[in-house]
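What follows is one chain in structure tokens, specifically the form predicted alone.
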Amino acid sequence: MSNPILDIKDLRVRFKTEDGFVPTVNGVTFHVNEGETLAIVGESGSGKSVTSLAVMGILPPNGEVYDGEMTFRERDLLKISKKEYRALRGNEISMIFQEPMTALNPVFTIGYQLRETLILHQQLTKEAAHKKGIEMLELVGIPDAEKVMSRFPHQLSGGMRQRVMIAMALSCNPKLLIADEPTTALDVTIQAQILTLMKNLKEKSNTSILIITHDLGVVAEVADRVIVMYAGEVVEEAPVFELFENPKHPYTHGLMASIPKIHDVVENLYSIEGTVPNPTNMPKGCKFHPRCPLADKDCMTIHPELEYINSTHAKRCIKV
């Protein structure tokens, strides 16, 4: 590992609504080193995907980064022009979106969409881009790649569309790959192929990967480090093995306990009671206290800081 390729400090994102601004990411700080895979884990609504969209510069029109710093390869992402951002996006920073059916344009063929990326960012001719597109589809394990180039997204299965998205993301040899739930809704065989593909990419090209998931099995398979997010905040950060062996935050404990154990026969699977709070009505004090088994009256009033237990392991809790 070397210097951070992506450095996020005190990132704050909010969305404009009819009732005013609603903050959804509240002071998130993390970094991704060159050649490293960092996983962001948490339930839906924890702010994982919004963080990734902020890094890509593609927040919805009513969303904005209103404070913090985002640096990619020593370039301030909050100060570069839209033209510079477009040159980065899809080229040096690529993203695999959570839902490939909506990420792919339904009115253009797979080949057109692959060629467009390569012509724009790699300055290839149409013929060279077509050939490279076929090579990328073959790389991600798509059979009859030449035929697939002429098909439309609706003519492919969910797994095929996801692999097309990965082929597009990898086609320009990005320095940073952001993968938002890359294995969602895929069968286990395809999941394993995609995770292997991502690991090979990191090993061969020294690509940094930021993977966003709620699947701790995926985390254990590919991640070097993990940050756990809850209600728009980082509540724990640790190397992957340390997090699994010695989780500190009660929320992380709950996520671990929710993993089904193949050898344990239980009547009911464990689940964390309650739901992630609505951003318009966040609890005071620790945001997790309404669901936390360790919470007391102090937790209802004190908002804990993220503190480091050692040089690599941090937690946001006053009870552990």
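On a predicted model such as this, the values are computed, not experimentally measured, just so you know. Each residue number is its position in the shown sequence, starting from 1.
Although it is not shown, the form predicted together with a small molecule is what the next lines describe.
Listed residues 69, 43, 34, 64 were compared with the small molecule in the predicted bound form; 43 is the one with a heavy atom within 4.5 Å.
In terms of contact with the small molecule in the predicted bound form, the residue from 28, 38, 292, 50 that brings a heavy atom within 4.5 Å is 50. In the predicted bound form, the small molecule sits beyond 4.5 Å of every heavy atom of residue 57. Although the partner is absent here, residue 181 lies within 4.5 Å of the small molecule in the predicted bound form, judged by heavy atoms. Using a 4.5 Å cutoff between non-hydrogen atoms, residue 17 counts as a contact of the small molecule in the predicted bound form. Residue contact with the small molecule in the predicted bound form: residue 279 places a heavy atom within 4.5 Å of it.
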